[in-house]
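Given next are two forms of a protein chain, the same chain in both, each as structure tokens and marked structure 1 or structure 2.
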Structure 1
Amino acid sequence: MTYYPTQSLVVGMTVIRRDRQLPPGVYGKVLVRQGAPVQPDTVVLQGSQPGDFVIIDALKALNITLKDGGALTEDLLQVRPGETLDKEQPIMIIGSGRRARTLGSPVHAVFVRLEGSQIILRRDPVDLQIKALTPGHVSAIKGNESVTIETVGALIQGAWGNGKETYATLTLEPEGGIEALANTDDPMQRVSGTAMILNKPINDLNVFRFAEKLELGALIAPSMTSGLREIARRQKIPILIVEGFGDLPMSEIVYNLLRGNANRPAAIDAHEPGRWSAERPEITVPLSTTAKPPAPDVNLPLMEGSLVRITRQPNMGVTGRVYRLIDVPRPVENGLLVTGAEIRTANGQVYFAPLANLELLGRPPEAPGRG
């Protein structure tokens, strides 16, 4: 039985390549060279979100009619394509002297073109900048819209984010909880601007209030009730949910990796997953290393020894290694017959889970890497 499961990247040390892109429909340019080193706040792309188009019927505006076969010609224009116009600046003049008729721009805009008798202008664009988000170097450039940043470090993919991003130092929630910290006299010196890793799910609006009071840079939580989703989206800081919605604990493997990187700076990309896109929110912790580690393995079959996470109840979030693959359908608690695998955890417990409910985290220890 060969089964290629879904995969989630939870890796302690790997090469991470991430595309930084201008949003669709934005004109722009790349501000960095291939191979150039970048810092999290290096602006790598700059673009303009085009403004709306304005269409002016020149004949109507000038109150003129053309003879059969007549046309407005470009020599009547007072401007060139791409030229920025002030409001009321002449676009076209017909006639001369006292009988001249002038068509002025109704708005501050860019002249696009004359199409028949229609004049097309574009309102002012909105400028935007895209930063590198993580330190590293530019490993690839695609056209005028995409730059690939390569870095080395730990990578943890989550389930949901509120669409914000930042670069901040990871801190662990103290034992007394974020609430206790928010109620101390001068907590900000220690946690202001940091990305706090919460121990418990976010089931309470107060967590956001505490985060604001503490001036946190980001929140990383195991789970959150979906009822708080809209409020989380309105928060100014990134909120990254690792496991999913509801009352789910953080997988041991994820928590251990985050805890092992506490007090290190990390890129928190709380990308909000879309229905038709598979991009996920993720945490990148840049780490220094003497030897370049391999890129994450993808397209791996499930094998005995594979490191996996169970992604549905029962035992959701449990991680362990595949002990045995079971290709004869076996009943689970609800009576469904499924093919699956037995998973052995670090403390020696063995669980059976359907193949469909296993997410691959890593290859077996003895299997060769990609190099």
Structure 2
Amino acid sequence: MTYYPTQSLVVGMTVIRRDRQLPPGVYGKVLVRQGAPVQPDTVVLQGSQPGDFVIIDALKALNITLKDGGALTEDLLQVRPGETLDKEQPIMIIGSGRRARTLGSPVHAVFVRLEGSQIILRRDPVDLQIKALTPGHVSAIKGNESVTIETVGALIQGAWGNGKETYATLTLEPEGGIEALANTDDPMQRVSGTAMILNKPINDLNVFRFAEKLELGALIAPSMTSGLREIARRQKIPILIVEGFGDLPMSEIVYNLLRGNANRPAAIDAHEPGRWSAERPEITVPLSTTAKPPAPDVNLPLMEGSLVRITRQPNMGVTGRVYRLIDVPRPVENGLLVTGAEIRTANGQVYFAPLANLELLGRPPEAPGRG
């Protein structure tokens, strides 16, 4: 039986390669060279994100006609595709001297192309800068729109994010909770700019108010009430949900890895998952090592010894090694007969879970042991 489960990477030490890229339709350029070291705030790409199209009939604007078979040629242009134009900046000049006719840009725009006698612009470009987000080095460059950053460290993938990102020190929520922290003036409890790991799900908007009062850099929570999604999107800081929506506790394996890296800086990429995108919200903790670890193998099937997490009730969040794959269907709580696997946890307990309820965690298989 060969089965390929879904996968959420929860790895303590691995090689991480991530593309930093400009949004679709943005004209830009790469500012780093391949192999160059980068820091989180290193600008690796810059570009202009244009707005609506503006189409200019050059013949009408210049009040000229062309002889039969004639055409405007690109050698008349004063700009190149992707170049940003100020208002009135020359786009095309025909002739020379006093008889020269000049066509200037009617708005602040990006020049797209000359198509026949039509000049195509996109108005009001917004300058964009894409930073490396994590320390590492440039391992690949693709055209003028993508740079691959490679680093080594811990990697934890989550379920949902609000589309923001930052590089901040991980801190644990104190025993009294974020609300107690927000109501104290103790200088020893200053957490401004840090990424706080919450112990409990986000179930009311007071959490966001406390985060704003404390000037936190990011929030990492086990789960969140789905009704707060739009409010979370509007927050200025990254909000990253590890397990999903609802009232879900954080998996022990995830919390232990985050706790083990508390007080270390981390890249918080709270990417909002899309239907057609494979990108995931994730936390990267850069770590130093003398030996380069392998990158996680994301194409492995489920096998005995695979480290997995159960993703649905009644044993949601339980992690362990596959003790035995079960080919003969077994009954589960809802009465269905399903194939699955027996999972042995670190304390020796064994659970049966349907194959559809398992996800790999990106670690190599090990002998699960048979006690």
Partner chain sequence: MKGANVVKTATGSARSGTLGAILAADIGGVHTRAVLLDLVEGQYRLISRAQALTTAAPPVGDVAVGLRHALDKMTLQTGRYFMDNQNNILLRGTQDGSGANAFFATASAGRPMRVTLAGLMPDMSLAAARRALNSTYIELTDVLSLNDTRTPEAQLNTLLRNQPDVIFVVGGTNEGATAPIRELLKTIRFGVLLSLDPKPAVLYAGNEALHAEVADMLRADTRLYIAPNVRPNLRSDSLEAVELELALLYGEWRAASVGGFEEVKSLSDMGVLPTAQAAANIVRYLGELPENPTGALLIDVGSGITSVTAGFKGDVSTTLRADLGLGISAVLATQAVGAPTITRWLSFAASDTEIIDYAWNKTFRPTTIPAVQRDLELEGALLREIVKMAVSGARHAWNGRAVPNRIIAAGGGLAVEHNPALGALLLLDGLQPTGVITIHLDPFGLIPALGAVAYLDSAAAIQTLDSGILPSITALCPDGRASGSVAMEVTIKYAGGREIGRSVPAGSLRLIPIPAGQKARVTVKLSRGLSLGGKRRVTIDVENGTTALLCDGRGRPISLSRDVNRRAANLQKWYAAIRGQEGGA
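Superpose the two forms; the largest set of C-alphas matching within 1.5 Å is the rigid core. The first residue in the sequence of structure 1 is number 1, and each one after it adds one. Predicted, not measured: the structure shown is a model, and the values here were computed from it.
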Label of the structure corresponding to the form predicted together with the partner chain: 1
Did Glu230 shift 2 Å or more between structures 1 and 2, C-alpha, core superposed: no
Large Cα move at Phe111 between structures 1 and 2, threshold 2 Å, rigid core: yes
Rotational displacement of the minor rigid part between structures 1 and 2 [degrees]: 26
Distance moved by the Leu76 C-alpha between structures 1 and 2 (core-aligned, Å): 10.5
Per-residue Cα shift, Ile55, between structures 1 and 2 [Å; core superposed]: 3.0
Core superposition result - C-alpha of Leu85, shift between structures 1 and 2, Å: 6.6
